[in-house]
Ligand SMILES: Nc1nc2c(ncn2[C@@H]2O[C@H](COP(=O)(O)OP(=O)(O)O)[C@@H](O)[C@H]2O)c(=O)[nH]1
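First, one chain by itself: the form predicted on its own, in structure tokens.
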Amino acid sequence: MSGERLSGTELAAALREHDLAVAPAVLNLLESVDEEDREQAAELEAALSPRALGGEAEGHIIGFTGAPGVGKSTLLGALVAVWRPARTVAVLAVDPSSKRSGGALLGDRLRIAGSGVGGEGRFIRSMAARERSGGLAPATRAAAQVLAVAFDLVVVETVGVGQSETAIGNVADTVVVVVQPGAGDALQFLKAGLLEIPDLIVVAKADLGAPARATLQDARAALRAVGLDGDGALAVSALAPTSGIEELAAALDAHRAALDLGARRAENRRGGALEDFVSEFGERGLRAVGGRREAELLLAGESADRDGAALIEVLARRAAGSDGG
């Protein structure tokens, strides 16, 4: 089925039939700022919402974040090789924006092995971060949610890492923080705020030997210090011969199997809706709702299957009421 000139409803139907060829058209629509395209994108998202689907999309959404140059893309290339051909994979790589074009600086992420789309069951696309904080492109969350209808695995790779990067936690079912040998001791992990967001910590470049083993021990100690399982940290090498890649794939599967997916996705939608509301209406809008805590309580009272647009509308109505509108 061609992805050209299809409506949002038609694209949604294609994704429900696992037609992977429409993925580029879906991303183009979600990233467009044209008013008519925005209306079509809203139709697409509504047609693939949990309420419309009768449950959550089955694809596993995995977030990878970490400092630039840590080796995320090389690691993902090795993981894609393990996942394929048994499962279909979409990778959304969020890159810094080009100041000249406004598009993704690195273009389609060719450095990840096997980029492309079609019969091979892989789709790899760069998305421009533009001015949005949190390490994610504005359309990233919507793209991950709708592609999870058609793909077995949807991976979101963010620009960098830091306290602002916790936005990935409002997108992914499983969050992976990638660090490199020499990243610091357990105290530095805690100070960096990294342990607020990961389900797994991966020490890349395990082939470096002793420095990687030392960082792995630090990561495990940091996890235990906040009451988490130290086994949630592991070391991998994406260089040939690879090591730890299949173990990482198995750990990701195990996390997904143990997850209450409905609860996680509902929490993500609420967090994402609050994030988008603040981005659109600012701190003044948040104050009109009664503050962040009041906004969180308001969203928590909504049905778990409500989509992001509906949740934002709930906040907007409360803000308007508080302003006397």
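Nothing here was measured: the structure is a model prediction, and the numbers come from that model. Counting begins at 1, following the sequence as shown.
Omitted here: the form predicted in complex with the named molecule. The next part is about that form.
Fill in: Residue (of R122, R220, R125, K205) lying close to the named molecule in the predicted complex, criterion heavy atoms within 4.5 Å
When the named molecule is considered in the predicted complex, the option within 4.5 Å is K205.
Discussion item. Quick check on this chain: which one of T174, T88, S237, N170 has a heavy atom within 4.5 Å of the named molecule in the predicted complex?
Written reply: Result of the distance check: S237.
Item to complete: Would you mind picking out the stretch of 271-279, 289-297, 60-68, 32-40 that comes within 4.5 angstroms of the named molecule in the predicted complex, counting non-hydrogen atoms?
Response: Looking at the partner contacts, the answer comes out as 60-68.
Practice prompt. Check whether R141 has any heavy atom within 4.5 Å of a heavy atom of the named molecule in the predicted complex, and answer yes or no.
Written response: R141: no, not in contact with the named molecule in the predicted complex.
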